[in-house]
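Heads up, the chain below is alone and in the form predicted on its own; it's given as structure tokens.
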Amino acid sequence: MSGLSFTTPTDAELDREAERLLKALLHVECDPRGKKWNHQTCREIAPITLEINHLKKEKDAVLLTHSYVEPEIVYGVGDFKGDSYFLSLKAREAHAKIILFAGVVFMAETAKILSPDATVIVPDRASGCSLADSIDGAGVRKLKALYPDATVVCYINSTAEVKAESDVCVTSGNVYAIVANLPAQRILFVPDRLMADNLRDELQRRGIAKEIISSDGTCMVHDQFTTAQVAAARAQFPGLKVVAHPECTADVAAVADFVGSTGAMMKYVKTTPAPYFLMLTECGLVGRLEVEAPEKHFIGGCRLCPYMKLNSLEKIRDALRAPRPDQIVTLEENLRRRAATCIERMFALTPSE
């Protein structure tokens, strides 16, 4: 498998790749497909993971993987794995000719905004987002006309044109700190209504007076969790820790033991002793935790993002072999520059750890 051409792997090469995959995937139990990872199932995907990793070297490509995609993508072929903020940093730092983003389209747009000279590829153009799709640039302009004195803050789960209309971008990990430190008293927050509710509550708890006005988008994964679900789980599993994302409702956030970004949730679970965890987020994160913290115990409750699950090894391989025009992310340069200003302001305002 040297040189530019990919040759059919030998049985020995397939066995070695299967063992590499199994070492990473052995503990994954939260697989909505019911897939059990063993040597046989790992060997079945070994030809395609070997080819993808070969293609990355051949084409000078880097593969960014969100925590919500399937574990064989994250651990089999991903170069970087994490939440939106971490991956946006990696997109900014990338010096590869090709960036393939295994996530959803707005994330690939963010990569293109930050690495304009790279060819940015998304495996499936249909991998949208209920939040990002809830408002466009025209919708933001209408809200700005109604509230001309407001600072416009967009959640990173938004399209490039929404970012171009906004003053600063935020993620679930830095939203509280950035908004708290903005000089404006009135904040127009798009597109997540539920994160705006949690932001309003948290700032009030901190004694910070801000008027938070939001648009009406919600995450189709996180808006489905309920306090009744939490109560039932606590009754069945004494000592349970409930971990939620700020895209959940304020009622759910209020009864959770911890509320934070994808990265913060992972850190909390890894460092918190508890007999059980209920993860109120996308199931892909539970899969990652099963790999990276196999000693932890999780009960059912997570939900699937159908958009994230549109990513597959086959689509990634085909996109690296010869991307179709619809898989290549393009942005008008003026719009890209305006969106980049919004994101760069986020980097500047994010407190260092």
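All values reported here derive from a predicted model rather than from experimental measurement. One rule holds for the numbers: they count along the sequence shown, beginning at 1.
Omitted from view is the form predicted together with 1,3-dihydroxyacetonephosphate (13P), to which the following refers.
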4.5 Å heavy atom contact, M107 to 1,3-dihydroxyacetonephosphate (13P) in the model of the complex: yes
Contact label in the model of the complex: H66 to 1,3-dihydroxyacetonephosphate (13P), heavy atom within 4.5 Å: yes
Proximity of H245 to 1,3-dihydroxyacetonephosphate (13P) in the model of the complex, heavy atoms at 4.5 Å: yes
4.5 Å heavy atom contact, N174 and 1,3-dihydroxyacetonephosphate (13P) in the model of the complex: no
Candidate stretches 209-217, 174-182, 150-158, 233-241, one within 4.5 Å of 1,3-dihydroxyacetonephosphate (13P) in the model of the complex by heavy atom: 150-158
Residue (of S166, T262, N198, S88) lying close to 1,3-dihydroxyacetonephosphate (13P) in the model of the complex, criterion heavy atoms within 4.5 Å: T262
